[in-house]
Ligand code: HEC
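Below, in structure tokens: the form predicted alone, a single chain.
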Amino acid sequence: MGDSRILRRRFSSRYRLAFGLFWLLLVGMSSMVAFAQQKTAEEDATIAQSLAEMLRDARAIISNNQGRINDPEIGDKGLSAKVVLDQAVETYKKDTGIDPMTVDPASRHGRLLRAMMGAISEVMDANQTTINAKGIGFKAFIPAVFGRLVAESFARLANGEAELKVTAPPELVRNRKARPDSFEEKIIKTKLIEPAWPRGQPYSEMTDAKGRPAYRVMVPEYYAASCLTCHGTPKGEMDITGYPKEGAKQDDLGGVISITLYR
């Protein structure tokens, strides 16, 4: 009987020890998984912000050169793919403190950032004839068109790893290709357009996109004074592109850079 009690105590002690070790292993594994997921989310947020920054920097060059692009007296506008990309890279470096060319090309960030720069170059190369046409005023090569074309090129060059779209509240969308999907429309209406939403703060969420798990980021953009030439007042008046003005005011939410990073 005494031996039996001793064996039971030993078995119980071993069971508790084994269970304790198993529990510690389980907790450790869970912590490791949580840490890895947090690290991946932080990396995705960095990548999304980087892609949005590069697109905005290149698009600003197109915006700043609209007068030159639409000047019928000038042939070569001096806006080659190399010129635009070099200027965008310099602005990116100034705004972020990082040289995009130093981002490891073997990393996900490096691959996608180079896909974005490649898309910018592709669009500029493909539109040189339009940009440099002499004797023609308005070329319709405006920042919105540039952004859409870059997004389309980027999706192809990213090879299924990511997608990007410049969208807006549905009532402001002029091109059907830029219409927000159901996720984008919901976030615009319930988050980004709200007065309480911190100006410029992106929204991010892990969700599904096209049947795949994806990290989605929505970066709000606001009308600058230069945007109001086409989007300001008087509301309903036709702008240079042939669309009625929206009656927007400076600092109104005018668009969203929507980035999808597939997992």
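So that there is no doubt, residue numbering starts at 1 and follows the sequence shown. As the structure is a computational prediction, the values presented were derived from the model and not from experiment.
What comes next is about the form predicted together with the named molecule, which does not appear here.
S226 is the sole member of N64, S226, Q201, T46 with a non-hydrogen atom within 4.5 Å of the named molecule in the predicted complex. This chain is displayed alone, yet in the predicted complex one of A178, A133, A81, L192 has a heavy atom within 4.5 Å of the named molecule; that residue is A178. The three residues T167, I240 and G254 all sit with a heavy atom within 4.5 Å of the named molecule in the predicted complex. At least one heavy atom of C230 is located within 4.5 Å of the named molecule in the predicted complex. The named molecule is not drawn, but in the predicted complex it has no heavy atom within 4.5 Å of A162.
Although the partner is absent here, K77 is not a contact residue: none of its heavy atoms lies within 4.5 angstroms of the named molecule in the predicted complex. The closest non-hydrogen atom of H109 lies beyond 4.5 Å of the named molecule in the predicted complex.
Only one segment in the set 83-91, 136-144, 120-128, 100-108 has any non-hydrogen atom within 4.5 angstroms of the named molecule in the predicted complex, and it is 136-144.
Taking a 4.5 Å heavy atom cutoff to the named molecule in the predicted complex, the contacting residues in 171-195 are L172, V173, R174, N175, A178.
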